[in-house]
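Listed next as structure tokens is one chain, alone, in the form predicted alone.
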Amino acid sequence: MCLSHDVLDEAYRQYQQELVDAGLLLPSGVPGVYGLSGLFEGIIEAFERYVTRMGAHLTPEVVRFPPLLSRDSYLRTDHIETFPDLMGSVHSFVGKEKDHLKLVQKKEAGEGWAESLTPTDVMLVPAACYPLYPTMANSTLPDEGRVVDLRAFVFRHEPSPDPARMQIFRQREYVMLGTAEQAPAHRDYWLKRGEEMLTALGLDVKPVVANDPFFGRGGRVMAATQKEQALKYELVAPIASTEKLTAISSSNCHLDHFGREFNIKTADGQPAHTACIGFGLERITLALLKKHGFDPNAWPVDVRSLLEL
């Protein structure tokens, strides 16, 4: 069933308003940017502990990055070529006093004061794994590869009435850097395990072959190729709409793209392949609230037990 944009937008706004009325989301005045209540944040923290327990047997390296990436590292990826419409570039004022006066005058006149700003050395992180690869540049992996547990705030410029499509949100990931065999095995393992984990929480998830939202005409070719090679799977579930499902987790193979770009080698000297699973923490919380209600104390006992609520 194909829903019109108007019907979908109404479903998004209705669920958003329910969340706001319940005090779970605090609107900022900007679409897709919210404050979160303590209850909402508590569910995220509980789910993260669940993810940690489910991945503990892999003894992953644990790394946490800020939501900023050096501009030089960003430019070594192909993000500006493939997702220019989603990027976030940090700019600031670096002028003198007379330049500051002009800046203030523009602001007070309602003119384009942002034109007086200069790009800084940092970009907003577009995916949780992006800051990882520069830290491993020019390195050689052990025979077993490396598994890294990541969490980061991620920015994507896609304002929307859909409460699940936030501009700033968190991803929790398990990333594998290894051989051409180890990386897809990691992806396939976590695709199955992730589905089991989310199903155990009562969510109606299913895996689908997917593609990233590559930009432009060339992007359509890249998206078709990504789907044809089944490099990306999403676990989708109902949130605001039961007809239009939302991706709450994704499992991806990047082939040797990051290995080549950052000169990360396998033990036998080949460019490393990488793969990851990413859990969308805010989206999973929204899915749980939609499925089980706004009071976690009334959730099913087995769900509360798994989340240790």
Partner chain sequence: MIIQSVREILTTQGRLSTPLSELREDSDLYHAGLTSLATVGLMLALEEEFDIEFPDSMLSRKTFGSIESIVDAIEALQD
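All values derive from a computational prediction rather than experimental measurement. Positions refer to the first chain, counted from 1.
Beyond what is shown, the protein has a form predicted in complex with its partner chain; the following relates to that form.
With the partner omitted here, the residue from 120, 73, 211, 82 that has a non-hydrogen atom within 4.5 angstroms of its partner chain in the predicted complex is 82. Exactly one listed residue, out of 143, 228, 204, 115, brings a non-hydrogen atom to within 4.5 Å of its partner chain in the predicted complex: 228. In plain terms, the part of the chain that comes close to its partner chain in the predicted complex, with a heavy atom within 4.5 Å, is 217-225 out of 217-225, 191-199, 89-97, 235-243. Residue 78 belongs to the set of residues with a heavy atom inside 4.5 Å of its partner chain in the predicted complex.
Contacts between 271-309 and its partner chain, taken as any heavy atom within 4.5 Å in the predicted complex, involve no residue at all.
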